[in-house]
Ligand code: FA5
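Listed next as structure tokens is one chain, alone, in the form predicted on its own.
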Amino acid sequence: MQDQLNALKLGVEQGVAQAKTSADLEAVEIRYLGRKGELTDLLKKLPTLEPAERAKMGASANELKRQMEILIASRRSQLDQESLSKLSETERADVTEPGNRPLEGHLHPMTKAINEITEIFSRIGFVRTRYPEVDWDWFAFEALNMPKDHPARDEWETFFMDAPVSKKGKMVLTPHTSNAQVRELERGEFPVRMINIAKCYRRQSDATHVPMFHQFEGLYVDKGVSIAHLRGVLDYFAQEFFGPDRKTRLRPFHFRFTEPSFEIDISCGVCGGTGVTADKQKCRMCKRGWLELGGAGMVHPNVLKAGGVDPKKYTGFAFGWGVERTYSMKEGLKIDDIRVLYKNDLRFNKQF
């Protein structure tokens, strides 16, 4: 058996010396040292030997395998070096040539709008918060002065979750960011100057609505807060975000969670507030020269109570606007269909 081991060693040495490529070397390794190689076949004969002879041959075989693995590894390293040397001679790189700039990501228009809105309100003391986008009926409706089965709920065309009902009612995809109001009031820290920006969901889709959209909710609660403060904040935001040439107006309205309540309109940036486009067609965006941005009003006493706040001691105002609709009215954009914001068309997104 010793003669067979010596012959195997000689075969490996000759094969390694003759290998010109890594593939040749791998073939030698598989032939002699692989799982079905010649060394493995030879070791299968060990059980037929006498115990003393078996131990001696086993040790010789293991030493032979160790030596052959070192020899193969050394030859492989040598072949790799030769390959790299040839590559440096045949493929030279001009290190002075400018490289190719990697593709850079691009912020979505809504991300830019949210950042700008956050920055504008931060200048007057409003702090950005985040509250759940999947919430309980209590925070989305009941705490906002809309009891179960109240007809005012129909306006929001809400998506309800197929989930267990808790003490706070059913679970919903938030139809507005107003669910943040009571959650913020429950903290009991005054004054409250909150701006909550989050996703909202309603079963609507047309030129001015999408099923998933962003909304920003402002809430200011303190002693002595009045409608004058509300109008001042809204005018400030309109001038900072839309520019000095745009006009705003307040229309009396009814919301269950504010009293008194208003709808906030801004003159249309697509038709210039005329309701008619340059080609004499009726404006698709506004129809009449004004575009509704969202609601606002003084926080209803019942909402303050739901948040654990004494309405005789504190007053406040709230407003909620859609980010997409607000951004589409920005000076010079003239976006006449907000659904285009979510078509993932890079030709459109790269303009912003």
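Everything quoted here is computed from the prediction, not taken from an experiment. Residue numbers here begin at 1 and follow the sequence given.
A second form of this protein, the form predicted in complex with the ligand, is not displayed here; the remarks below concern that form.
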Taking the ligand in the predicted bound form as the reference, which of 249, 209, 168, 187 has a non-hydrogen atom within 4.5 Å? 209
Only one of 158, 215, 145, 129 comes within 4.5 Å of the ligand in the predicted bound form by heavy atoms, so just point that one out. 215
Taking the ligand as it sits in the predicted bound form, is residue 141 in contact with it (heavy atom to heavy atom, 4.5 Å or less)? no
Heavy atom of residue 294 within 4.5 Å of the ligand in the predicted bound form: yes
With heavy atoms only and a cut-off of 4.5 Å, decide whether residue 137 touches the ligand in the predicted bound form. no
Spell out, yes or no, whether the shortest heavy atom distance between residue 204 and the ligand in the predicted bound form is within 4.5 Å. yes
From the candidate stretches 105 to 113, 72 to 80, 257 to 265, 231 to 239, select the single one in contact with the ligand in the predicted bound form, where contact means a heavy atom within 4.5 Å. 257 to 265
For a quick check, can you give me the residues of 150 to 183 that have a heavy atom within 4.5 Å of the ligand in the predicted bound form? 156, 176, 178, 181
